[in-house]
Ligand code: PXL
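Encoded as structure tokens, the following chain is the form predicted alone, with no partner shown.
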């Protein structure tokens, strides 16, 4: 069985980060190892949440893993809350990485043209350096612009996105995938570049007029869960995009209107069936 180490925070209530990564990747038939960077009472869309930083525990935990000879088929990072955590993630890549370990980075820090409140341009530059150590990165348009000093545009064309992909590739990642990209009205999807082969990764599906916390985590978790099992880039991102859209559709139907996250629990059987068709 393949295994994935995922380094993110965990919210006791709310569906994001590790509370999505752990069940989703496990359901796909991959052993999921977690390294929590912080414990929150709820995710940050709630008011008055509590948080316990666990940065001082990351090195002791990974030092213990080294002494036990533990290895990973992939390392997947999501939200990293500080410059110190980025530096520790780099150390973990160096100590546990290698030709047989895929490094997958979702540089969670911004959206809709703005950095999240806790971050600044220095943090964006540090995240760009982290992405340079990756095999695969999956920034959204805003994150890509901040990491490459590119003007953010919502009215982009293909030439603008191609230039942005080249700038991302210059950071050092082998495969750069932009999320939330589409060139047709009413669509959304992924647009990426394999810098080794020159292959373009393009997939669009219908945009659903709803927004929920944690959908990026859902997309990334499905993607890395598929890729570590040998699924092709195009098929992995198609599975992730379609599954995320299906889950949003089901959540919209929920009469309780769970604004704090998506009802991925109801769609896990579809995910299991989907990955089963791709993994032989």
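Numbering follows the first chain given and starts at 1. Since we're looking at a predicted model, the values are computed, not measured.
Keep in mind the form predicted together with the named molecule is missing from the figure; the text below concerns it.
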In the predicted complex, residue 40 touching the named molecule (heavy atom, 4.5 Å): yes
4.5 Å heavy atom contact, residue 75 and the named molecule in the predicted complex: no
Any non-hydrogen atom of residue 108 within 4.5 angstroms of the named molecule in the predicted complex: yes
Partner proximity in the predicted complex: residue 246 to the named molecule, non-hydrogen atom cutoff 4.5 Å: no
One residue of 191, 79, 146, 104 in contact with the named molecule, assessed in the predicted complex (non-hydrogen atom, 4.5 angstroms): 79
Residue (of 116, 160, 183, 152) lying close to the named molecule in the predicted complex, criterion heavy atoms within 4.5 Å: 116
Option from 59 to 67, 43 to 51, 220 to 228, 246 to 254 whose residues, in the predicted complex, bring a heavy atom within 4.5 Å of the named molecule: 43 to 51
Partner contacts in the predicted complex for 1 to 34 (non-hydrogen atom within 4.5 angstroms of the named molecule): 9, 11, 16, 17
